[in-house]
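The data below hold one chain only, encoded as structure tokens and taken in the form predicted alone.
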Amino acid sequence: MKLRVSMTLAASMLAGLMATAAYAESKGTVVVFVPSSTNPYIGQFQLGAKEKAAELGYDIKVIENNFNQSEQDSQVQQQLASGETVAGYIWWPFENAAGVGSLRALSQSGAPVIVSNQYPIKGTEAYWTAYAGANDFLSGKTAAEILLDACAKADAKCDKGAIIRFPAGVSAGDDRATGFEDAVKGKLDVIDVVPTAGFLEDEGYKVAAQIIPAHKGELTWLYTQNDSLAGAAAQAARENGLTPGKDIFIVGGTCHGDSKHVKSGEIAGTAIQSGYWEGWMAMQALGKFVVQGKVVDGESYLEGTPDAPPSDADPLYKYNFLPNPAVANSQAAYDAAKLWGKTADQLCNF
């Protein structure tokens, strides 16, 4: 009996020592504020951030909101009121402008704040350490170039069209629309811009099923701001007697969800904006700041290389932009596409 008790005590002490050692090795906790991972892109963002945090030696705590800025603001207040000491924050606001007060409060905590996914509001530069994420102006521009190329190659009418954009208040939708419209100015006519209630197929279908018949005989193209919405728009087009890629050209511009519509040619093409690498990159930026202790003024457009991701030793800039490489609409092109060591199928199919 004494032997068993001693062995149990020894095992308990060893477990305690191991737990203490693991805790001692942690560089602290990073708190990530994001919308709900019911959107698979956000789930991939979280995965990338968690894997990079583990690699760098940080613990990570994710606080999700249900696509509601008021809820996210309350979560920030609760986190700050807890008095928890953190290594830093990663801030993905649901509504960028409406969330500035929370961003300011996070900055006043004294911990570094990395903003991601939505381009920071002008005038808020003092409230965040660095931005690491997508450039939505670039995303819109890339989508426009894909669409213009498809129109140029087709023996079909391509002039008037519409934008099915992200929900009102989501500044990424504003920025993508701006980038797209600037790129097509004088080349294509935008006759309507309609927001969705969300980012997935159901929300896209509800809007496309209304605007396609509403502009019957006029629409020759649609830009939907991601491929989930584009796939839904393709379905709505077929139901209204239009053949995607022939009677109407559809582009999402950001791979998101099921890639079958791109591979089949229904969507004019796509681009790899990876949720996984965006989360990874936001966490890397925080790690860089802790190690390097400084931020370089200006912008860094990270190269979309097929193999290794960018080094932790690279400088941290105020603005650090995720690559957005275009991918043609064929099975072969999709199979060949890679970003930072991962294939398009790994990064785009959720």
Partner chain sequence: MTSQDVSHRAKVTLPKTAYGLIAILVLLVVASVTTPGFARVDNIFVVIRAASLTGIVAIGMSYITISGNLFALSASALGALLAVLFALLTAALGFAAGLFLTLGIAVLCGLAQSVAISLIGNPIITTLAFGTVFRGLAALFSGNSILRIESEAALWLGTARPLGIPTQSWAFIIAAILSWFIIRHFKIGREIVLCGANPKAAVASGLRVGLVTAIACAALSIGVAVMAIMTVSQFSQAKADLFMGYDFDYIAAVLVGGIALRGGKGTPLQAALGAVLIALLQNFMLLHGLSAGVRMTIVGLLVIASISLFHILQGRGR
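Because the structure is predicted, anything quoted here is derived from the model rather than measured. Numbering follows the first chain given and starts at 1.
What comes next is about the form predicted in complex with the partner chain, which does not appear here.
Q: Any chance Tyr205 has a heavy atom within 4.5 Å of the partner chain in the predicted bound form?
A: Tyr205: contacts the partner chain in the predicted bound form.
Q: Verify the contact flag for Ala214: yes if a non-hydrogen atom of it lies within 4.5 Å of a non-hydrogen atom of the partner chain in the predicted bound form, no if not.
A: Flag for Ala214 set to yes.
Q: Answer yes if any heavy atom of Gly257 is within 4.5 Å of a heavy atom of the partner chain in the predicted bound form; otherwise answer no.
A: Contact check for Gly257: yes, within 4.5 Å of the partner chain in the predicted bound form.
Q: Does any heavy atom of Thr38 come within 4.5 Å of a heavy atom of the partner chain in the predicted bound form?
A: Heavy-atom contact with the partner chain at 4.5 Å: present for Thr38.
Q: Select from the listed residues Ala97, Ile191, Val194, Ala154 the one whose heavy atoms reach within 4.5 Å of the partner chain in the predicted bound form.
A: That would be Val194.
Q: Given that the partner chain is left out here, which of Ser228, Thr270, Ser116, Ser274 has a heavy atom within 4.5 Å of it in the predicted bound form?
A: The option sitting close enough to the partner is Ser228.
Q: Can you pick the stretch from 229 to 237, 178 to 186, 145 to 153, 100 to 108 whose heavy atoms fall within 4.5 Å of the partner chain in the predicted bound form?
A: Result of the contact check: 229 to 237.
Q: Taking the partner chain in the predicted bound form, would Asn68, Gln77 and Asp174 all count as contacting it (heavy atom within 4.5 Å)?
A: Result no, not one residue of the spot touches the partner chain.
Q: For the stretch 316 to 350, I need every residue with any heavy atom inside 4.5 Å of the partner chain in the predicted bound form, listed N to C.
A: Residues within 4.5 Å: Asn349, Phe350.
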